[in-house]
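The structure tokens that follow cover one protein chain in two forms, given apart as structure 1 and structure 2.
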Structure 1
């Protein structure tokens, strides 16, 4: 605690008539959010350094002539802030209309990405007219990029640069950057090549932070035509020992996509390429749907569960009788549920009296 806080109490400011305490280093945007005032923004991601590009979060501060971007303005003791005057709200509506007018479309499928609905929600919030400022667009899509994971639909890009910043600040890849200026501004890779020829590791963070769906999850979008409403189920990625939280997106009984949990304690919105995109095995046509055993000719044939389990038990007993309990070694699959991993280690340790058990998810 600082001398000021210990002696004279915590610093405060006034937001819309209410006195609010704040911590040193907090921005007006953060203080407002903490007291329940959700200021609009299209360039803000709490994981990134504040950028102040979209200007939607502007507020009025007593003693300052022009409105200031709340995300880049630090709170100061004694400030008097107005977050939503009629004039500020009118500015915000105009800004939303300018952004929306440049895009090919505003309404996009939520399967494109975690933040893909932010622009459409703001258009609805301000009853904005998307075509009011229709003119020269600044984005140009890369339909020729053949990677199987990320759709680069830059006709929807609004130059918020969240994708570029998350790639640099969170992932540390610097795989994408900004080229040119004005209406020629665009998101690109080194030498304007394809993502698979860049430093991109296909973590998908750029997809999940994009507020318009300009960067989209190609694999999830295969589920656009699947009937039903999207449901999200929170779980843990099984692929390694980090324990990243994910939201499984389903329609009916079909898994259509995976999104990182932005509030996941281990990952905070990050995932690797496997956690983000490697889910096809769940519904793959080659996945076994029933037990199989080998007949006398060595061919795999369909069997009942009792027959298959009896055959497996007989085989394990024979190995132990001939070679001892340490001849059995268990390896659990990272693609199996965590309950199955627990049962696997219990079976090896209790059933065979050995600790020869491992899991491909431990690395």
Structure 2
């Protein structure tokens, strides 16, 4: 993050007393974040068009009567901006208390989704009292939707519409929309049905952008009671060739879930249903846990590594002795990493001096 110097001729504005240069098209929110002042927000997702709903990011601009939403206001030359006067901070606290008053609960398990802690973090940041503006709750959970992946716990919904916008703008599927209006607003599919009967492709992007955990990763939530802290490990999705970056969520030795990497070069936070939810084959009981060799009765039986490797080596040696080195063939995997494919070809080329090697791309 470079604190750009105000060069000659470049447009600048003053933000909390400091002169800052900006690029055309940058919003006040972005400029502010760039100089290290991340303004509070709930409806903001940097991948989406700024929406201006939560109003937490309002700032004061000299010469403009009402405060403006910094996310939807573009920086302009000569602007003088105050981001966090005492008055604005007080409004923000009230706003956070208003939002918190809508929901069944504010503290939710982080396994619910990538952004699920945003509201609770703001409550903590502003030392807000969630029960302060008590009243009717807003959203209504959809317990009838039995799909295995997306929990629709709208009791926690704060109508930021990030889910609707991510589905439309990022995913391009427009599977969910905004029904009714005002406090009665609900997130729905066409005709208010189950997700399965809609255009939803279960990519889970709505889950990952939801700032309250109202939309939650049902599969990851199976791990809520697994003891231990959540750890994240960055890796690449095991499915198609797009190569989406993901964070593996583990608790101890247990893989409990997957979250997309918002900065993944190929996916920028997007995933599909497979990458998002089809991870538990890894710790499935069917996994091969020990080597197997075929016995004299023609059955595959458990063996030690030594036995199995010796048996494997012996077989190749025998075939070469009987039929020559051109009788051995190697097939590398399109799913194992480079080190496997590289060594497979090296194994063939070094071991037999042939180019009798291929991979499974032809199937």
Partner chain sequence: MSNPLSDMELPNVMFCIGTNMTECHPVAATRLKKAKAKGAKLIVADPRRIRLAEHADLYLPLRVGSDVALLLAMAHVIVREGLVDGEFVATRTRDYEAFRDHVAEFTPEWASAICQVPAKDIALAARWFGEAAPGAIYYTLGITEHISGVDNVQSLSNLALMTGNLGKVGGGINPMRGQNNIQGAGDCGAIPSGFPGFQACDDPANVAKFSKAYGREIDCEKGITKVTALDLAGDKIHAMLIDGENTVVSDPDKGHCEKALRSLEHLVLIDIFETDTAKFADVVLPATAWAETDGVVTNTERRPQRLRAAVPAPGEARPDWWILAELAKRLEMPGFDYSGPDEIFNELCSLSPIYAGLDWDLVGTGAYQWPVPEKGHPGTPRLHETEFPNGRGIFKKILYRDPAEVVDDEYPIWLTTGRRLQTYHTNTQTGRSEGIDYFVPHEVLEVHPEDLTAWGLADGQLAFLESRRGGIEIRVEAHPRSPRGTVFSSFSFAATPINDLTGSGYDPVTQTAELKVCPVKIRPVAENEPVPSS
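Positions refer to the first chain, counted from 1. Since the structure is predicted, the reported quantities are computational estimates derived from the model, not experimental observations. The term rigid core refers to the maximal set of C-alpha atoms that superpose within 1.5 Å between the two forms.
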property	result
Structure identified as the form predicted in complex with the partner chain	2
Angle, in °, that the smaller rigid part sweeps relative to the larger one between structure 1 and structure 2	17
Shift in Å of the residue 328 Cα between structure 1 and structure 2 [rigid core superposition]	7.4
Displacement in Å of the C-alpha of residue 319 between structure 1 and structure 2, rigid core kept as reference	8.0
